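Only one chain is included here, represented as structure tokens and corresponding to the form predicted alone.
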Amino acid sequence: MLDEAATDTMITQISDSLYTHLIKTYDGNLPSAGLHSLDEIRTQAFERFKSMGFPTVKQEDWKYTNVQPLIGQRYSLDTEMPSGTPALDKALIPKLDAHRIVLVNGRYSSELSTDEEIPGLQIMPIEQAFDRLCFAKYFAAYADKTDNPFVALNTASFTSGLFIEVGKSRQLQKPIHIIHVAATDKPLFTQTRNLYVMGAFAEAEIIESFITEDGAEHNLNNQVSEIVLRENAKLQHYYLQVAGPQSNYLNHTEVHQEKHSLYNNYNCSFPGAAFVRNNINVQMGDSEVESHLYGIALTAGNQLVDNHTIVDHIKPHCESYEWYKNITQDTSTAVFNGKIFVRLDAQKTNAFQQNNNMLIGEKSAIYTKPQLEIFADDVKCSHGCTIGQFDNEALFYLRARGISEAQARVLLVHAFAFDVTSRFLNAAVREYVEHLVEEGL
């Protein structure tokens, strides 16, 4: 008779898909610190996932983003720390002075993180935060209201992640730099859950870098981050996607804002990770709320980068500003789907959305769908979209003045991206992103 370990190994070997593997190996008794409420949340989430299954291209939100090649593969679900110490050079941002937090395959590494005690700041592995009051209040309170099966799966099965709480009226003097490292010697599926809570009148800056260890095996990463901004809180939040081609990412970010809060998201993807799907949902749950979403996607090879955003204006006197730019090379694909909802009570709303696209590769593709749904009548809203190629006259003008074609193209792309990169408040990150744009070309 086979023991439990042998049975698990056999299941892994015969599984014909990730879905089958997850169903057969799901353990409803994942760590929960004995909290009945968390056990119940996990169980309900897994039932939702089983009923929904993984999305297909027949669903509108996944029309251009086929996950079947990813979920049809076999993965290990074991996210133990790998042997050896991964190099962090790929995440280095010149001139950036920050508190460093490192997650390896989603697990917090105290050895690689800077161990500093900062008054009013709590940073810990999420499994150590289960007994905190704000965890019980905010965990799965917003992200799980969506119909994303990857969120339900993450809620049911996450085993690691990060909890950050910035106390009331605390203003952090240095950014928090979170480095997500994919390092595995076998095909790996990870599920990371993060919860960031900004206290009233608190201010912080969080920079998240995604990198891949040299020689790592194929990996698929399902990450869900819930972010709560209490009254008058301010958060500058950066995503810097510089992982390698072995890595694939499904990132869902759910933001809930209270009165007078400010949330800015700067989302950047560069040549490397084969598959990136970012869902960024901002819920403006109170009046006098402001949010800005900026994005740059520079793609190459057969890469796919898909950015889906939702800005939900629920209360009056709120403002949102969104500007995404895509630059596609080779046979890569970029997708942008931005939705702005203005609810019936959200009078005096000011909402702007813009998506600009540049096709460099003749065989590359861009799919874009900016959307506005307005139910209030006293609002100021606009959206727009453009798709084009290099301006040949501008290219000729630069070459006629002795600039090489390659450098001229870099200058034109820099000029194209400048509208977005100039909005980055952190000068070190702005210079770093501009360098990555040049390097990616």
Partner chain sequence: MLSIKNLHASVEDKAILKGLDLEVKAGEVHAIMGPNGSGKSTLGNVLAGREAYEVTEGEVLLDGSDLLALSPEDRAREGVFLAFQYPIEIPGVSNINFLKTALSEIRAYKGLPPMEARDFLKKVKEKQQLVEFDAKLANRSLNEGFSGGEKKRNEIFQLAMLEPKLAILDETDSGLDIDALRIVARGVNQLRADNNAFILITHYQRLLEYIVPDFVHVLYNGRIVRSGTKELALELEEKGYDWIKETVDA
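Everything quoted here is computed from the prediction, not taken from an experiment. Numbering follows the first chain given and starts at 1.
Although it is not shown, the form predicted together with its partner chain is what the next lines describe.
Quick check on this chain: which one of 376, 415, 372, 387 has a heavy atom within 4.5 Å of its partner chain in the predicted bound form? It is 415 that has a heavy atom within 4.5 Å of the partner.
So which of 381, 70, 41, 398 gets a non-hydrogen atom within 4.5 Å of its partner chain in the predicted bound form? It is 398 that has a heavy atom within 4.5 Å of the partner.
Could you confirm whether residue 60 comes within 4.5 Å of its partner chain in the predicted bound form, counting heavy atoms only? Residue-level check for residue 60: no, no contact with its partner chain.
Would residue 407 sit within 4.5 Å of its partner chain in the predicted bound form, counting heavy atoms only? Because a heavy atom of residue 407 falls inside 4.5 Å of its partner chain in the predicted bound form, the answer is yes.
Its partner chain contact in the predicted bound form: residue 52, any heavy atom under 4.5 Å: No, no contact at 4.5 Å.
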